[in-house]
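Next up: just one chain, as structure tokens, the form predicted on its own.
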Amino acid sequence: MHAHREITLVRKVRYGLIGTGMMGYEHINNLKLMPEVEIAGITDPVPQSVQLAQMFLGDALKERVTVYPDRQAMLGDPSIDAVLISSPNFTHAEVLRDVIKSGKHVLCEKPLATTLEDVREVQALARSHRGVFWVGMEYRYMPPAARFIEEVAAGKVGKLQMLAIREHRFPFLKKVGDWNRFSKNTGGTMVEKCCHFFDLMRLIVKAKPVRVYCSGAMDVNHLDERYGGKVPDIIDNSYTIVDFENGVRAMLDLCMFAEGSKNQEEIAAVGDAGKLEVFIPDGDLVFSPRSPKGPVTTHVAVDETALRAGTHHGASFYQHRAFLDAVLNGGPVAVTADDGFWAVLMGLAAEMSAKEKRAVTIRELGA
């Protein structure tokens, strides 16, 4: 579990939210739980999204929150200390160019960008950023997943050889303007959704990916949908294998028409000493040593308040605590622009692999 240092509060950190769609509401719910935070401003070009955000803020709070006409007005306000970017994926690079110029602390929702050109530019710009630059990778912060990551790193399974991640879940939700129905807007499912899992792979394996093979397609969801006469083109199921330079193999099993599953996420790490599994939302870790045989189960509880504040098994709350520690105490930036870059790069390789039906080397993408 992520431990956080006590924060010494001089004054509240004033937050501005750029994009107040579905993920924006989750951020609002979590920030309202932070005594060190003042939600000072919001901006979104869609009036309905602004109105919904004000509803989540509540009557007492919304009167004190400025609605900026655009992000430039927000970024030009010296009283705003930190910004959260939860606008549509395809806008991230453009928004980040302005945020980096402003020097304000930033937490940008995944994916960092949707194209190779944009993600390279953002990665380079972030190196000169004066404030905290953090990429929103919530899955690291689900308490059962966090414990799993810590135990693998501590040698629980011995020398890691295989990592398997399964997410069997519900289809993509409808978002404002249906922007998430097309790969040109999202980067494709393997970027939009699966950057989370590619980030987890790198974090756990601790090595550079060298080769990606993805077999995936849109087989069940969205087939009867039409937007301006166009059919969606987003993968709804796939198997992806990633080879890492240290010899570890990782696999992702994604299905987005399996909402009846008991557990949405299952992760398994196997090494020369045993196997460790985690199940979410059950919250159970199961360790199966090679000798003596027999599994040992540990349950990882999650604070009920954190669970109620979002849809990521409490992860948004814990990630915000870590981000605040970086802003107020100079704590470590756990999810850097480089992490965001690699997650997108692996997703782009998987999208290319699925389309071309072949293994794609990371070198082909210039890394």
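Start at 1 with the first residue shown and count on from there. What you see is a predicted model; the values in this text were computed from it and never measured.
If you look for the form predicted together with a small molecule, you will not find it shown, but the lines that follow are about it.
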**Request:** Assess the spot marked by Phe198, Pro281 and His313: is the small molecule within 4.5 Å of a heavy atom from every one of these residues in the predicted bound form?
**Result:** no
**Request:** Name the single residue among Val13, Leu345, Ala354, Met23 that comes within 4.5 Å of the small molecule in the predicted bound form, judging by heavy atoms.
**Result:** Met23
**Prompt:** If you check in the predicted bound form, is Pro45 within 4.5 Å of the small molecule, heavy atoms only?
**Reply:** yes
**Message:** Whether His129 contacts the small molecule in the predicted bound form should be assessed with a 4.5 Å heavy atom distance threshold; does it?
**Reply:** no
**Asked** According to a 4.5 angstroms non-hydrogen atom cut-off, is Tyr139 in contact with the small molecule in the predicted bound form?
**Response** yes
**Prompt:** Would Asp233 count as a contact of the small molecule in the predicted bound form, using a 4.5 angstroms cut-off between non-hydrogen atoms?
**Reply:** no
**Asked** Among 235 to 243, 73 to 81, 285 to 293, 106 to 114, which stretch has residues with heavy atoms no more than 4.5 Å from the small molecule in the predicted bound form?
**Response** 106 to 114
